[in-house]
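Before any questions on binding or motion, here is one chain by itself as structure tokens, the form predicted alone.
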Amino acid sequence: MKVLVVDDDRVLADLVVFTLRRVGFEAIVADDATSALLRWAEDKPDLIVLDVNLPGKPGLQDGFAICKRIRSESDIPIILLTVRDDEEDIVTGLEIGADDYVLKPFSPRQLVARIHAVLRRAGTAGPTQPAKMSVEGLEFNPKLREVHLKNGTMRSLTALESVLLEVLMLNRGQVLTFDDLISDVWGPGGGSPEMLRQLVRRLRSKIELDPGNPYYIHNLQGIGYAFLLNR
């Protein structure tokens, strides 16, 4: 399993590479946008660990720009690394398709756990998944990560959105706590209530005919979320 580590902090990058190699990953490094895109295209890694704050002009060579570029062509799992914990940055990372968001400083063990969790999620679209899930006008294909709405509209989901929808649909009518959903979607030690809230918002925008008055995904204040509660 090959991981591309993109970070201009060579000390941190070397530590991440050393940690990954110790647990059996093949790790390669890039320190700017140009080399990152080149290594991604030539080495075909299975996952990317990507620092947001790369040198260069914001919006042209930062980690967000690289993530957006790669996501437009590939479903490869991407974990963003950053010291920025503003809500806007978290929303931006999730909206452009990042699979997880790890704040610096972090422990190497924490990063490895998050990598394993993301890889498990990326592998959920396998033969053991149901070919199709359907309920009250919503048809969901986990393998293709597609939803078909009752009005005939088809929407594509990201890996995170797909995992969240599958967990909710499998537990139809049950209240799932914030902690349970975070664990199910990001794995132990991953995610946060704010990341979950933004992910739910994005999923609602794709599956609800009126996201402001949701029919499928219900929020129970201070407790969690439920799919088709009391229906």
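All of these numbers come straight from a predicted model, not from anything done at the bench. Residue indices: 1-based, along the sequence shown.
What follows is about the form predicted in complex with the DNA, which we do not show.
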Is it true that Ala159, Arg204 and Ile223, all three, sit within 4.5 Å of the DNA in the model of the complex, judged by heavy atoms? yes
Contact residue in the model of the complex, from Ile70, Leu165, Val29, Met195 (heavy atom within 4.5 Å of the DNA): Met195
Contact stretch among 151-159, 136-144, 92-100, 71-79 - heavy atom within 4.5 Å of the DNA in the model of the complex: 151-159
At a change of 3 Å or more, would you call the C-alpha separation of Val16 and Leu160 in the model of the complex closer or farther than in the form supplied? closer
Against the shown form, C-alpha atoms of Ala41 and Arg155 in the model of the complex: closer or farther, for a change of 3 Å or more? farther
